[in-house]
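Let's start with one chain on its own, the form predicted alone, as structure tokens.
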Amino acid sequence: MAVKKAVIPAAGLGTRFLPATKASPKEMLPVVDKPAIQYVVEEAVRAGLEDILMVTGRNKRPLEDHFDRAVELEQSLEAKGDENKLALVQEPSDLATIHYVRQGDPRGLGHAVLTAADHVGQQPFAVLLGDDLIDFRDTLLEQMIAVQEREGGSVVALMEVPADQISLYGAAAVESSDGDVVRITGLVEKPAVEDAPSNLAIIGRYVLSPTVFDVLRRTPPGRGGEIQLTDAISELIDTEPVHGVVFRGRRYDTGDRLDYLKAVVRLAADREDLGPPLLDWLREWLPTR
């Protein structure tokens, strides 16, 4: 079956960005002039996934408001004849059909994905984590969907990282490859450097078989006392193909404060309206530091 639905887990507390996230969801932190979550929804839509389920939690109402219509604001901008700002305000609500479900207990990524079972049904689906932004000029998700539709099973996004950083990620053991597409034989969640099967790290994009829901229902809590999606995918390897797509493009990690700042600068620098004056200012300012 074709991949038509996307799941975006967005129930995290965002504690690394306190106090900014005390009253505002981390997914609403602006990256230049759009909240981070909008970049993720736009990526799903570019890949042809216009049925999106957001898995949320308490204090996430601003996410729903952002992708809803703002009638009073739209009327005000229309009355002023400000068509450019009106289009920007209407764009989020016109992107896709977005549904919401609450995770309830914060029991890990695997549990968050499991809450999507009723909405997804018996078809393959994509999972996009909001902390990982993939540049709009790269086509990672489209490649992953193509691999899943050709090979079946599940597909995980991988990225080469320095060996001493692999303990920050899930790591993949692989055996065969076709260019940047590899067959995964094992997954380990945040291994010690000496135990890592490779330097191929799992990043926040998955295209999963619906079989994963049955596995997640019986997956016990793992690392950190949470139900780990990595553990469930590891079990799938025994019964169906699991492939990885090694991503070599532009990825922005907005879950880390320093990387978040880098993402803002890099994306702003690539903008025609902001890039030239920003780069001029940086060239002038940096030598003074």
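All values derive from a computational prediction rather than experimental measurement. When you see a residue number, it is the position in the sequence shown, counting from 1.
Although it is not shown, the form predicted together with 1-O-phosphono-alpha-D-glucopyranose (G1P) is what the next lines describe.
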Seminar exercise, completed: Per contact check vs 1-O-phosphono-alpha-D-glucopyranose (G1P) in the predicted complex (non-hydrogen atom within 4.5 angstroms), the hit among 139-147, 83-91, 210-218, 125-133 is 125-133
Problem set entry | Candidate from Asp180, Glu151, Glu189, Glu74 lying within 4.5 Å of 1-O-phosphono-alpha-D-glucopyranose (G1P) in the predicted complex - any heavy atom | Glu189
For this session: Heavy atom within 4.5 Å of 1-O-phosphono-alpha-D-glucopyranose (G1P) in the predicted complex: which of Ala196, Ile98, Ala116, Ile202 fits that? Just give me the one.
Result: Ile202
Problem set entry | Close approach of Leu109 to 1-O-phosphono-alpha-D-glucopyranose (G1P) in the predicted complex, 4.5 Å, heavy atom | yes
Exercise. Does 1-O-phosphono-alpha-D-glucopyranose (G1P) come within 4.5 Å of any heavy atom of Thr230 in the predicted complex?
Worked result: yes
